[in-house]
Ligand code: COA
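In structure tokens, one chain follows: the form predicted alone.
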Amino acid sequence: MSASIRPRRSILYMPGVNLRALEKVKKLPVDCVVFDLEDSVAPDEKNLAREQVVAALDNGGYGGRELIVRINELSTPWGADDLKAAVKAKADGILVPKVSTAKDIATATKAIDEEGAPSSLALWAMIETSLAILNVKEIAETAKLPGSRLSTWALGTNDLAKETGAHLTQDRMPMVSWLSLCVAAARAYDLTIIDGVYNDFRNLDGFRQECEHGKSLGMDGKTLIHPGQIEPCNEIFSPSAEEIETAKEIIAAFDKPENNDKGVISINGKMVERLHAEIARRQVAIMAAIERLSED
């Protein structure tokens, strides 16, 4: 599966200390697993969690799921060892918490490079501080630097609420401006952007509403804290059958020889720009990637 075209609808956090969960996730229809060494692991269990995550990655069995390790901050006693272990265990990516400045990206990238990681190992960043919101453009710009590994942002809405005092309301109005700003910066620099978690995991109606809200803002997917959230998340963040049909129609129209040099054409009485063809091609590619993943 292409690293640039991967479904990232559902991203499930798995506590590295929970062996049963690390095994169970192999059978769950989730796009991406984040092996968590940070928030969900107590200080006296950090080393154990790291060992168990490395063993899980070495043993494999996760099919085509994207495998990411969320390390502790590099400034903590565990961060550097977490990063080294994730590189050695050949994770698909490393999720760095509390990224607040472009310098944080540079520091993490240098540390990964020094471990001899392959170029395919991606850097994911948690956007979860007030300073990160103020610096989103500068952080996003690092994705275009030579040798950049930055591919994905995961929003930490719980931490943003805690730091700012904003309330986590169902409509998310207190932070919708921040979410939209992050989406704009991510799109400007070709980053995948993943919405924050929904805490009330038993409230599936509320969860579906927040997924729809995130999709409407332009998010690619959502981070999850419970397996019961996977299927509705996958459904909402997948292109619909109607969207795929329309996308294929747009692609076919622009692929006609007479339309090769046209920026705008008419399809079924509607004006369609070439940028819509680019969006359509990505939708079709994402759907194909989803179908391949479901076969694993």
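Residue indices: 1-based, along the sequence shown. Here the structure is a predicted model, which is why all the values come from computation and not from measurement.
Omitted here: the form predicted together with the named molecule. The next part is about that form.
Peer 1: Work out which of the listed stretches, 245 to 253, 51 to 59, 261 to 269, 33 to 41, brings a heavy atom within 4.5 angstroms of the named molecule in the predicted bound form.
Peer 2: One stretch meets the cut-off, namely 33 to 41.
Peer 1: At the 4.5 Å heavy atom threshold, is Val197 in contact with the named molecule in the predicted bound form?
Peer 2: So Val197 counts as contacting the named molecule.
Peer 1: Although the named molecule is absent from this view, report whether Lys24 comes within 4.5 Å of it in the predicted bound form, heavy atoms only.
Peer 2: Heavy-atom contact with the named molecule at 4.5 Å: present for Lys24.
Peer 1: So, in the predicted bound form, is Lys144 in contact with the named molecule at a 4.5 angstroms heavy atom limit?
Peer 2: So Lys144 does not count as contacting the named molecule.
Peer 1: Against the named molecule in the predicted bound form, would Pro232 count as a contact residue? Criterion: heavy atoms within 4.5 Å.
Peer 2: No - in the predicted bound form, heavy atoms of Pro232 and the named molecule never come within 4.5 Å of each other.
Peer 1: For the stretch 11 to 49, I need every residue with any heavy atom inside 4.5 Å of the named molecule in the predicted bound form, listed N to C.
Peer 2: Heavy-atom contacts to the named molecule in the predicted bound form: Leu12, Tyr13, Met14, Pro15, Asn18, Arg20, Ala21, Lys24, Leu28, Asp36, Ser40.
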